[in-house]
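Only one chain comes next, encoded as C-alpha cells, the form predicted on its own.
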Amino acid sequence: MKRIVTVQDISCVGKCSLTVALPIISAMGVEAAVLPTAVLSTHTAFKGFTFRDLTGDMQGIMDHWKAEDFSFDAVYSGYLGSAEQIECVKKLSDFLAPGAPRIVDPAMADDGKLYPGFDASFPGQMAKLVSGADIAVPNLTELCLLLDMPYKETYSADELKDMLRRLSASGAKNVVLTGYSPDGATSEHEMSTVGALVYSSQDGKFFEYCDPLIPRRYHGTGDIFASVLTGAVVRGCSLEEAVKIAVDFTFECVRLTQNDPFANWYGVNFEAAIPYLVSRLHK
C-alpha cells in the first residue's frame, strides 16, 4: 500500500486540515501518516478556541522515523504556522521514495488577505517551500502573495496564465490554481463556474476544469480538494485526472451539504460523499 505523510494542524471540531485529510486519503486506499503542527479545540472560525503549538515535537518525531527507516510515497503539507515548521517540511524530502512528489498547499490566505497570526514576512518563507514543490496548490490570494503582487477583483485569462508561469519559474514543477473561474472574476456573485487552472512546466501547457458554481461558502473545501488531489496522484492518476476528481468531489460535497437542512455551518458533509469518491476511483 502506498503511504504519504501529511503535515497540518488538527482542529478537534471543524472539518479542515487533518480531520478531512486523514479520512479522505484513507478512503482512497492510501495510508496517511501525519506530522501534526498544532492542536486546536476547534478551527479558527469559532471564537475562544484553544491552541497548542507542536513545533517542538516535530523534529523528535522525524528523528524516530529516521531510526525506524520509514519512507513515504509523497509529502503533502497544508497549514503551517511558522517558518520553523516550513523548515521541518523541507527535511521530509529525506524520507521520500525515488520519484515521490512533494505537494504544497500554501494555506495562509483568502479573500485578499492573510489569515490571522501571519505577518508580512510569512509569504516569502512559504515561497521558498513552494519553489521546491512538484505540485503547488494555491488559491488566488495565495498566488498573489507568493508572487508579491497586489490582489484585485478581476483577472483576465492571460493574466492568470502569466502568474502561474511566474510561480512555476521559481521552481514549482506544476501549479494548480484553485477557486478558478473562466469568467475571470474573484467574486462568487459574478461566477457561473468554479474549479482549477493547471500549468505544467514540463510541457508549458495549461489545463482547466470547472463545475457549475453552487453559491455557498464552507470552511475546509480547499483542504478537501488538496487531499483528494494528493490521494489520486499517489494512486497513479495523471495530474489532469487527479484535478478532475478533486474538483468533482469538492462539488459533490457542497451539493450534499446545501441540500441538508441539518448541516453544520462549520464544514461540508464530505463523509456523505465518500461513496461517490470510492466509486469514481474504481471506474
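Sequential numbering from 1, following the sequence displayed. Everything numeric here is computed off the predicted structure, so don't read it as measured data.
Keep in mind that the form predicted together with a small molecule is missing from the display, and what follows is about it.
In summary, among the residues 255, 244, 235, 219, the only one with a non-hydrogen atom within 4.5 Å of the small molecule in the predicted complex is 219. Under a 4.5 angstroms non-hydrogen atom cutoff, the small molecule in the predicted complex lacks residue 55 among its neighbouring residues. Taking the partner from elsewhere, residue 239 is found to have every heavy atom lying beyond 4.5 Å of the small molecule in the predicted complex. Interface membership of residue 16, defined by any non-hydrogen atom within 4.5 Å of the small molecule in the predicted complex, is confirmed. Taking non-hydrogen atoms only, residue 155 never approaches the small molecule to within 4.5 angstroms in the predicted complex. Here the chain stands by itself, but in the predicted complex one stretch of 6-14, 21-29, 268-276, 255-263, 6-14, has heavy atoms within 4.5 Å of the small molecule.
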